[in-house]
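Here's a solo chain for you in structure tokens, the form predicted on its own.
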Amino acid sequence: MKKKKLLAAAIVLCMVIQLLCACGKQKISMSDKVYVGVTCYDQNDTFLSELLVCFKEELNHLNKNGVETTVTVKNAAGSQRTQNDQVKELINAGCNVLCVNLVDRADPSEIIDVAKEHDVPIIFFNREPVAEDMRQWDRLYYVGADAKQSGVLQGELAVEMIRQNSQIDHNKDGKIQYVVLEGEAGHQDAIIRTENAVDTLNKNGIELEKLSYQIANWNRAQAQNRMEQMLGQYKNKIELVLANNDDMALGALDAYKNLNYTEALLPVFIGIDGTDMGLKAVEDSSMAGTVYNDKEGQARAIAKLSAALVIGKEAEEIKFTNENYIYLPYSKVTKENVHEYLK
């Protein structure tokens, strides 16, 4: 009888061990696949939509190289509450890495808490959280670019063009009358881009007179509307338009076209981001220049980091700044080199 009990116990023990082994294997097999959940502040944003196209292409490259990936993209449409709910939905759907383009860069705590609870790492991209929030957990990462650099390069483009072409100073008063189209009220990148563009012009001895600045929320149609309002007040006095992104620079140009301004009265338009439409506008001289935001490089970094965090592959090529940050450099685009950036 005692032998039978020992035999039964041994059989049960073997069954438990087999079950545990099976569970272990199942967990390993699940981690062999990268389930990416993406939520972005607004998919109608031109630069962001182009970045997401590049990101999906990079995931396809990983698939071809033997890394199995699946991606789900959600649009928060400007609502932080919606984005918080989307993160929960993505985790419940089985995503094992999150890529988050924050609606409100100062309010990521709920997203971080949910991800931390389920041990799902987050890659924030394009809209950088404040440093204090990034320290809430050691599985938080950021991929983007240095906003200060974009402003400095935009300012340098303006300096070069003003020095090369005295006709930019239409009224010959020795000063450049300018307006700014800013991306978003209180947005860190928008403020930094504007401040550094203007500071760079000042430091290079360009005398400026600010006529106005308007918030256009990164949007082409809003920028056109704001520009038409400024033209109603300043008419042909504006000599330089500094826009926080290409869409707003193009919107400003639309305003001049809509009001039938002659080419001789057009100011210099300079944008930031190097979107497809922005590059084409530089190519045909509608825009004087733009500052290229490396969407391909950022997409590649996000894709490789996603794979590294889940299965450990692709990690060897990742270069961090301050441990959890990956910054890709901006570059200046003019008519002379725009062909290098056009596909």
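Only a predicted model underlies this, so the values are computations on that prediction, with no experimental measurement involved. Note that residue numbering follows the sequence shown and begins at 1.
We do not show the form predicted together with a small molecule, though everything after this point is about it.
The stretch that touches the small molecule in the predicted bound form, counting heavy atoms within 4.5 Å, is 187-195, out of 187-195, 259-267, 76-84, 207-215. Proximity of His170 to the small molecule in the predicted bound form falls outside the 4.5 Å heavy atom cutoff. Residue contact with the small molecule in the predicted bound form: Thr39 places no heavy atom within 4.5 Å of it. Put simply, Asn126 is close to the small molecule in the predicted bound form: some heavy atom of it is within 4.5 Å. By the criterion of a heavy atom within 4.5 Å, Leu59 is excluded from the residues contacting the small molecule in the predicted bound form.
Residue Leu48 is the only one of Val310, Ala281, Leu48, Ala299 with a heavy atom lying within 4.5 Å of the small molecule in the predicted bound form.
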